[in-house]
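Two forms of the same protein chain are encoded below as structure tokens; each is given separately, as structure 1 and structure 2.
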Structure 1
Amino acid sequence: MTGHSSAACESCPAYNQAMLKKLGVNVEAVDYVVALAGNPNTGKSTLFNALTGLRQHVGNWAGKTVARAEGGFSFNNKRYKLVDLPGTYSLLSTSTDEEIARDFILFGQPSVTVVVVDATRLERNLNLTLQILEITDHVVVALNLIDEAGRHGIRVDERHLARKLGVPVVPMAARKMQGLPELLQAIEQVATGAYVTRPHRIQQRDPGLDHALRELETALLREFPDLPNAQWVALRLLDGDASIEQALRERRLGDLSRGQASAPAADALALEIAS
């Protein structure tokens, strides 16, 4: 597996401990937090079980009836917390599952997000992958079910895919425990900054949209200076994401981002978006 090495890790990803605590995830005595994301039926749960073994438990997301599975594993004397996010097809927050996955990745800022994709249905799975790459740089793609793909005559060039996505892509067959050592190595490299990702992002937008996006991003950062990936939040607001807009109107966006905004400022920003 190829990557871009970094002599120093001055900007290694640091998870948002306060936000994760609000979500009900205990990260005490943990070096790194890893989110496990993916479409339903990609083998995500199988991979979760393979990585955590008996070191796992199930609860509910804070304030939700949706089940949350989390566990732990160690690798090279470092302790990892693995959180299995609800299986979703997107992060557009049209459902509770999508909202949970989005908030965890965006506001929880896990050290690494492992996106599990089905090698037999890669095109369908890449929609979620590309959305996650818009939110976070710290991604590893687990190209699962390569054994099934082979039986169907499907061959995926994982190196070419890694170059296109700008993040590590690890071929594997989780139920056969194939590819686990390589996946653990990739997680470690991204978590420590030894592999500097260059995630695929949308490069060209309509000039008018770009202008509105910059103005809204500036306004968001003025009121919520700690907001992670303000550009993505601004884009979702411009696209009419009701859950993000509601969080802004109810002053919950500041809680999620660790920033604080006064009620009048948040109301003014909400009115600016509505207009």
Structure 2
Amino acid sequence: MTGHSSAACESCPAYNQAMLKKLGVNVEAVDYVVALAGNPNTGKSTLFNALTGLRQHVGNWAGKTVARAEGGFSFNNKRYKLVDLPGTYSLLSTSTDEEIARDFILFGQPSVTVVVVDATRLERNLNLTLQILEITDHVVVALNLIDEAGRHGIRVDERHLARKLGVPVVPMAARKMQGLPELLQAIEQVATGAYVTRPHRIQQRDPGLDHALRELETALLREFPDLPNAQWVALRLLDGDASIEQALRERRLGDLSRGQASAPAADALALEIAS
């Protein structure tokens, strides 16, 4: 595994490689569901393969993982299902990829969403991260490709970043299997609630929008008091997002607030051709 796994490392509690069991496609009776999100080209699928022992092919492309891939692992005697979402730049457009990713985070209600971030292109990658933080509280940021960043002369202050985002940030190099134990630890802590996140929410909006949002959010919360991301849902409804409107009509938002999410419409792979 890691080239420098000395005895000193193994004695520290973070080094729990032995406690990671790759379960491959065995995802029965899991304790937690973990979603893996991120921009294309961030090493998301490499991380997926490293954790599950599966061999999903990774391409250097946007939208290569078009369908969701699922795999399992167990850590500290807890079983996790890992869902690899399509690589996307954003959750606000309406491509199939983005819908699959967004619907899963929203309706699949993962215990933890791991956002894989390219350390060499942090600014671009934070765009998606901030959008995910609007939808869900349970987030861990995997600051990947930290080795490549070093080669390019880029250094990221992960503590500062974690403070700003309000969620754990784990620097890692998934291709070299570096940072995996720390990531697993962070996933466990967020899943069990041992680490309470204080996710960053977007502040700078113009007063008109802010007012409209607050009104819609209040109306939403009156109907669905437990909706965890009412502000985001309100924003999407304001934008006329057809799939969120659909979810509202089918009362899937209601299910969401009661904690019984329905399956995401993720296998919408077929092309929709206007005839």
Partner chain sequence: MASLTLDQLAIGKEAIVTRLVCTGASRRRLMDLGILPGTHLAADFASPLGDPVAYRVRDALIALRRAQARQIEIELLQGGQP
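As the structure is a prediction and not an experimental result, all values here were calculated from the model. Each residue is numbered by where it sits in the sequence of structure 1, with counting from 1. Between two forms, the rigid core is the largest collection of C-alphas that superpose within 1.5 Å.
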Which block is the form predicted together with its partner chain? Structure 2
**Message:** On a rigid core superposition, would Pro225 pass a 2 Å threshold for CA movement between structures 1 and 2?
**Reply:** yes
Cα of Leu216, core superposed, displaced between structures 1 and 2 by (Å) 2.5
